[in-house]
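Let's start with one chain on its own, the form predicted alone, as structure tokens.
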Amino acid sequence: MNNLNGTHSIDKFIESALYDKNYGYYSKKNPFGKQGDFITAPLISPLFSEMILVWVISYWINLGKPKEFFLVELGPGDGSFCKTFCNSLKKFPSFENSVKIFLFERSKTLIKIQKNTVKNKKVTWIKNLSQIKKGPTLFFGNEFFDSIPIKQFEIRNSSVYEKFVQFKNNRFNKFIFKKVSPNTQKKLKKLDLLRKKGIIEYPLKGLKILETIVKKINKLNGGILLIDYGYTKAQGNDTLQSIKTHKKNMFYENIGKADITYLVNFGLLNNFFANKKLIINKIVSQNFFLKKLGIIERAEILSKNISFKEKVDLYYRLERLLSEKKMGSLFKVLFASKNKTKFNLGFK
């Protein structure tokens, strides 16, 4: 891999480790599934994707069944969500006639994997959100935000310092802290990030992407549904984590061979959307959201016509999605929209 020597801000280091076209993690391999490093909800059970389809159709109805409706999946992974979503569309012909799907992906490797998985004329791949020209548009991201690099800061003696990682002889040497400019300090204060002690995590790049999405929502009408693991109240913790073959890894080791993520600050996202004058539902857990959409009832219907072994597998997968100890409470759901008619399905 390329020369790492020198001092790098945390976000630039993560950007290279994940997305460098020659050695970046997402540029080289399929990280999903048992043979990869982690498993996402659409891979655990197609019930997850089916429930999102139910929610999207309900939102489309709420908008007055527009003749053209656009769904943008942010970071489609291996394409499993989109595949199940498209396969289930046949049961809803009027919605199927209206919807067009865009997959927003920057990794050429993952695009190839997705194109092998998803075979549907309604699906178009895009690398830039400026390619979205019509509306109404719903942006959907499952474990999208946690894959965008973040900056880290720390308050010391009333001053704010940015955290950097230093390498010597291509090996991790130490962390370095550099005092930030008054302009950066002002940005952090505006987002209400300077009240906590400890590490401050700032998703600069993620907020820039959301800025573009908000402009599209305001211009074209629609909303954004985000599902990710995270928290609503900042504790000042360092939440950066790295996973390799389903096990924990130090984020500055096995570079390009391990995933690097962090816990999403949903309180920050809530403030961000509120400042942009979007309507936001209360943030709920994945357990709450999926149960309100009827995932348990759907599982019961499916279980009537399958073998005992298949039934055990069905409920094992369901438990992974809903359990407090697994994805149920750690994963949060947020919906922000432009339209004044508040859409509460899954949140109330």
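Since the structure is predicted, the reported quantities are computational estimates derived from the model, not experimental observations. All residue numbers are counted from 1 along the displayed sequence.
Just so it is clear, the following notes concern the form predicted together with a small molecule, a form of the same protein that is not shown.
Task: Region of this chain that lies against the small molecule in the predicted bound form, out of 245-253, 264-272, 217-225, 140-148 [heavy atom, 4.5 Å] - done: Careful reading of the contacts points to 140-148.
- [ ] Heavy atom within 4.5 Å of the small molecule in the predicted bound form: which of V72, L110, V118, A258 fits that? Just give me the one.
- [x] Exactly one residue meets the criterion: L110.
- [ ] Have a look at L278, I209, L191, L89 for me and say which one sits with a heavy atom within 4.5 Å of the small molecule in the predicted bound form.
- [x] In short, I209.
Open item on the list: Since only the chain is shown here, I'm wondering whether L43 would be in contact with the small molecule in the predicted bound form (any heavy atom pair within 4.5 Å).
Closed with: Yes - in the predicted bound form, heavy atoms of L43 and the small molecule come within 4.5 Å of each other.
Task: Residue contact check: Y26 to the small molecule in the predicted bound form, 4.5 Å heavy atom - done: Y26 belongs to the contact set for the small molecule.
Task: Exercise: E105 in contact with the small molecule in the predicted bound form, heavy atom 4.5 Å - done: The answer is yes: E105 has a heavy atom within 4.5 Å of the small molecule.
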